[in-house]
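Just one chain follows, in the form predicted on its own, and it is written as structure tokens.
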Amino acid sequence: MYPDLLSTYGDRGNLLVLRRRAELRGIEVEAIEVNADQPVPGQGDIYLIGGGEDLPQILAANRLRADGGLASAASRGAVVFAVCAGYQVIGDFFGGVEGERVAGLGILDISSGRGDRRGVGEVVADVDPALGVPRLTGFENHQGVTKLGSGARPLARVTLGVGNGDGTEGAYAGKVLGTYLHGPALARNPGLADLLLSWAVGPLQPLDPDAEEWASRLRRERLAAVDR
């Protein structure tokens, strides 16, 4: 979604990872990139939103609200994965350029504002056991503070980094999941990628260990780097 506005930190890599892990299992994939001047298609199975700067984030939120397609897709049960600025956009509201309140899409029961300090650096977080996903590793660069309402659950508990600002990182409800993690998030956390795929297509066959070699190596390297 809106790679012309919200893909500042390489979050398009999440699309590449999902496509690759689906194709390795024989799942046919059609990837569609929707720019900000195009209508949001309603027939998608998984919608991805990346990070971006303040003004593009506000523009994206305004256009997505006016379009209504993403909110409609989420309401019918499509998977939505949102990162950083995109994570804030799918909530009820977020902080604008001067900290003013900007309306979000209301897809996820969260609200975001500006904190006193910027979170920059590596993040390690332990995922809600209900999701069955290994420890998360990623990179954050944001000044957002996100509060969860009663309709959302924390994605993970932070052991290193800032995340939402209250000891948690990200949030999810149903098939909607958001995080502050870049890296890209799904390249560094293939278990999370498989969770999203399973929400869209059902239980997945395990991959051949040879196909997991590079993903596993990346995870080991990043986790070892922050343990030093």
Ligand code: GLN
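Values in this document were obtained by computation on a predicted structure and should not be read as measured data. The first residue of the shown sequence is 1; numbering continues from there.
The next section is about a form of this same protein that is not shown, the form predicted together with the named molecule.
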Margin query: Taking the named molecule in the predicted bound form, would 57, 88 and 118 all count as contacting it (heavy atom within 4.5 Å)?
Written below: yes
Note to self: Given the stretches 49 to 57, 183 to 191, 168 to 176, 24 to 32, which is the single one in contact with the named molecule in the predicted bound form, using a heavy atom cutoff of 4.5 Å?
What the structure shows: 49 to 57
Notebook entry, point to check: Hey, in the predicted bound form, is residue 144 touching the named molecule, heavy atoms inside 4.5 Å?
Noted result: yes
Note to self: When the contact criterion is heavy atoms within 4.5 Å, does residue 84 count as touching the named molecule in the predicted bound form?
What the structure shows: yes
